[in-house]
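Only one chain is included here, represented as structure tokens and corresponding to the form predicted on its own.
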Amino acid sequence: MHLMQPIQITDLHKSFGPVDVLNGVDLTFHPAETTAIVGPNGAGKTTLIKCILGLTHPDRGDIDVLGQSIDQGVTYRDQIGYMPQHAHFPENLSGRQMMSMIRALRAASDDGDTDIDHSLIRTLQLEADLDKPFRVLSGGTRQKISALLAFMVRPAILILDEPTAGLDPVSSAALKDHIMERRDEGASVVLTSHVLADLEELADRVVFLLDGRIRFDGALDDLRSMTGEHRLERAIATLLEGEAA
């Protein structure tokens, strides 16, 4: 487990034209904790993740990953496993070839950890599909391989965008078990999902974004107590109603 905070965000601002997408976000992600980022479409969730990954440059503010400013280079990404909502793979390559490419890239960096997490291959029953080209794979199998690539080197930070989308119930349950195992081993997990039941099952903490600002940041039980709603879906609806009032 890392002693420093996995991700520290200070006064983050990002605008696209006249629209303020992130407006003074202060946020810390902790080890051994799963944080659900929730909010309506356009709240700033995707932009926040892109800023952390260095895919979008903020207008103002600081982001430190494991004590390193993301402005100092891209090597910090070696400590992040990222599972996008829609992964795009070269159609002629196989899952095993993608694994080899990522493993080689990680090994070439100073901190590259090439200890592949083989347990997820077994858990998601992927062995028979890893040598097939992506063009013949179903959407669900592609999603499983996307999960495998995010977890494969046991990163300190996992950022998972709609991780169970397209998965059958058995695979979804297996992936959620794996997420909780990695959290218990010390990883900092950041989740976004429209399947609030998944977040309710996985999240230790909820960050509610609206109009680029954090309107709630706390434990799931605290959100339930504050809103008087036991289910996350209804608790979020109550927050939205309160902001609209």
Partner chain sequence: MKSSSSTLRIIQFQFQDALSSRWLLVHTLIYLLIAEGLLMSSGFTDKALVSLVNVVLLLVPLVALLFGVIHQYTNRDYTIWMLTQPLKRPNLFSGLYLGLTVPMVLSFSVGITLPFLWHGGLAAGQAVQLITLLGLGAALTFSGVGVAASLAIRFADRVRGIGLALVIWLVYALLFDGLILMGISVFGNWPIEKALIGAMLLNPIDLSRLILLQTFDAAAMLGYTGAVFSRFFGSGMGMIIASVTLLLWVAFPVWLASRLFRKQDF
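Numbering follows the first chain given and starts at 1. Since this is a predicted model, take the numbers as computed values, not measurements.
Form predicted together with the partner chain: not shown, discussed below.
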property	result
Whether R154, L202 and D217 all lie within 4.5 angstroms of the partner chain in the predicted complex by heavy atom	no
Heavy atom of H86 within 4.5 Å of the partner chain in the predicted complex	yes
Any non-hydrogen atom of D129 within 4.5 angstroms of the partner chain in the predicted complex	no
Close approach of D168 to the partner chain in the predicted complex, 4.5 Å, heavy atom	no
Residue contact check: A174 to the partner chain in the predicted complex, 4.5 Å heavy atom	no
Interface residue in the predicted complex among L210, L27, A32, L53, criterion: non-hydrogen atom within 4.5 angstroms of the partner chain	L53
The partner chain in the predicted complex: contacting segment from 60 to 68, 175 to 183, 191 to 199, 45 to 53, heavy atom within 4.5 Å	45 to 53
Any residue of 75 to 92 that, in the predicted complex, places a heavy atom within 4.5 Å of the partner chain	R77, D78, Y82, P84, H86, H88, F89, P90, E91, N92
